[in-house]
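Only one chain is shown below, in structure tokens, and it's the form predicted alone.
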């Protein structure tokens, strides 16, 4: 009886729990080393696996409670939507699947800590990675009174030592020393690192990929598909109305089948080191490509010129743990306004790992055939060009005249 009462009086920690190597051993570590009652929180973001099995595993490992939250719709509405509006690709390559998920998981951790009366939250991130920053900065933005425990920074064990620790406590983990990939997945993409991938000269072996077919082995016939957008978001595919969640699943399947969405990149991590990352993101690649093209058709040059630098900033803020910043919210509001015009259909051709836009149309199109054509239907006033050129070049003409009068010439 006294032991149970003592257990009830122990403080609680809400652990972001995936059931992988790191978080599996951390349940036991938090119990043994910190004397805390562990509440395991698993967030369903469309990753493979049976969530109920993950929950049971957490309980079997020693957690006093284990929760599974289906956050797929929230992920789509509050994180993927603004990312699509911003054509978010970190350093022009990475669609930010993991980076976008972390602030959402942290938000749900904070909410669960409030329900449980927990004083701590914990994560399984290392001291080298970006995710530790994302979890902790997001937590500070949402509830600075909560303390964050990052055992992997204190532990400093190698992955081999982690595996041994798991074996010691009888904890099953889906990793071996022979295949030590670190993988993170959600419906927006899959990341894979560690092991042989740490050699940037070595071509990734095929076992590093799970979502995509090798382009060499992809179908010999191209696939054409159409994505319909309303308000800057996909709302249908090949003439069939679908929500964004279903479109993402479908595009991951067909894009992966045709080898689209493989990304091999040297990436600048937030903590100041370069890393080699392997990503698979068929749906993200296809949706962003189509969306960006449709924007070119429906937005003015001035709007695009203002929007494109902000897209880079959104990507950086998502990557750099500033998703909840006032600037990010302000840019989202700006993009929301512009997206009212981004409605139409984009036709894509998928072939041997490549995705190409081959057609687009929109009721809000700014493309005027009468102005663009060179045939008999040409409605452009060619005589107006002379006056335009004269006015456009006037500042340079005045500057050149001034330089000449000053004796400087224009050659220098």
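Residue numbers count along the first chain shown, from 1. For clarity, every value in this text was computed on a predicted model and none was experimentally measured.
Not pictured, yet referred to below: the form predicted together with a small molecule.
Interface residue among 183, 237, 108, 157 relative to the small molecule in the predicted bound form, by the heavy atom within 4.5 Å criterion: 183. In summary, among the residues 298, 339, 130, 212, the only one with a non-hydrogen atom within 4.5 Å of the small molecule in the predicted bound form is 130.
Between 67-75, 81-89, 289-297, 276-284, the stretch whose residues reach within 4.5 angstroms of the small molecule in the predicted bound form through a non-hydrogen atom is 276-284. Among residues of the shown chain, residue 98 is one whose heavy atoms approach the small molecule to within 4.5 Å in the predicted bound form. Although the partner is absent from this view, residue 319 contacts the small molecule in the predicted bound form, with a non-hydrogen atom inside 4.5 angstroms.
In the predicted bound form, none of the heavy atoms of residue 229 sits within 4.5 Å of a heavy atom of the small molecule. Residue contact check for residue 94: one or more of its heavy atoms lie within 4.5 Å of the small molecule in the predicted bound form.
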